[in-house]
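Next up: a single chain in structure tokens, the form predicted alone.
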């Protein structure tokens, strides 16, 4: 059985925790897109693990994790991350594989990335790690894949700095290389998780372009870049938070207007630890955008939703969610393509009563306060998709499963 876990907002939805939780029943976990600009945080027994390139299932000692064909990999970042895991007692050798079709991020890419961002009249807000340049070089057909590491004809056009970089890392990368399609074909009866990076609204085609990631962060990326075809996907899980966040520049219709100390924005950021795993940048915070969520569900064929960070609302007497936009006086209920429309959009909000008690110890949906259940039910009705997993805390065990994702429909 093949399950895709994708972000249903602008990234940072808690996919890492959910993939880690579901990986208990999986044999193989494939990260199909993105690079070291992504960050997934997993909390296990009080220990916090920050992952950037390595798929979230690595914390289980018997799982195989694979960096997929759609990824762009910085070897320095990868082996630094693996060394950090090793220091924490995680034995990764032989369990971390890399698709031979994945591309490398080279030193010159990072330099070009920063130069391009500095020249933009309206910066995108990239992390400067060379991710976008790596994808551009891939499209130019000048990129270097894992399969090309020993191919002198592919390396001949590289700058001296990049050539030396490849030669320094190829002996460590080559033993990890795998033909992903062949590997998954030989393991076609296994339970396999496909882990996305960023979120649906940052996808290069379906996101808020040009303020998007350079890769495929939509669920379709699992088929295009995960080593299987679209008819082999059994289920798509969309992960979203009880509120919305965004990192970097770009339109954010439901962003809180007041970001001062003591504001709701500040409270949400600090309570939800809304700081970038990769950059440490504070995330922009706002109301849950149900218009955007419904769009993400439709654009990604999401058939089950996973709600995270519900516990962040524990202390609030009331809160709100966006159910429509008002754009230059016009009521809009569908997510616009135009950046100008999104920037001009004013959220139409609906109020909800808070539950004013901790839900961290709840182990079943029925144990949640009625007002929390009512909020979940409203979201389900609005987006016409069931919420089958609810996270009530950062630890792996603080997860309520209403329906196992591994159950076939």
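Given the structure is predicted, the values throughout are model-derived calculations rather than measurements. Residue numbers count along the first chain shown, from 1.
Although it is not shown, the form predicted together with a small molecule is what the next lines describe.
For the chain shown here without its partner, which stretch in 59-67, 346-354, 31-39, 364-372 has non-hydrogen atoms within 4.5 angstroms of the small molecule in the predicted complex? Of the stretches listed, the one contacting the partner is 31-39.
Whether 237, 308 and 385 all lie within 4.5 angstroms of the small molecule in the predicted complex by heavy atom: None of them does, since no heavy atom lies within 4.5 Å of the partner.
Residue 125, heavy atom within 4.5 angstroms of the small molecule in the predicted complex: The answer is yes: residue 125 has a heavy atom within 4.5 Å of the small molecule.
Given that the small molecule is not shown alongside this chain, does residue 180 nevertheless sit within 4.5 Å of it in the predicted complex, heavy atom to heavy atom? No, residue 180 stays farther than 4.5 Å from the small molecule in the predicted complex.
Even though the partner isn't displayed, in the predicted complex is residue 254 close enough to the small molecule, meaning a heavy atom within 4.5 Å? Flag for residue 254 set to no.
is_contact(residue 132, the small molecule) in the predicted complex, heavy atom dist at most 4.5 Å: Answer yes; at least one heavy atom of residue 132 falls within 4.5 Å of the small molecule in the predicted complex.
Would you mind picking the one in 212, 322, 224, 332 that has a heavy atom within 4.5 Å of the small molecule in the predicted complex? Flagged contact: 212.
May I ask you to choose, among 273, 249, 301, 338, the residue with a heavy atom within 4.5 Å of the small molecule in the predicted complex? Checking each option against the small molecule in the predicted complex, the one that comes within 4.5 Å is 249.
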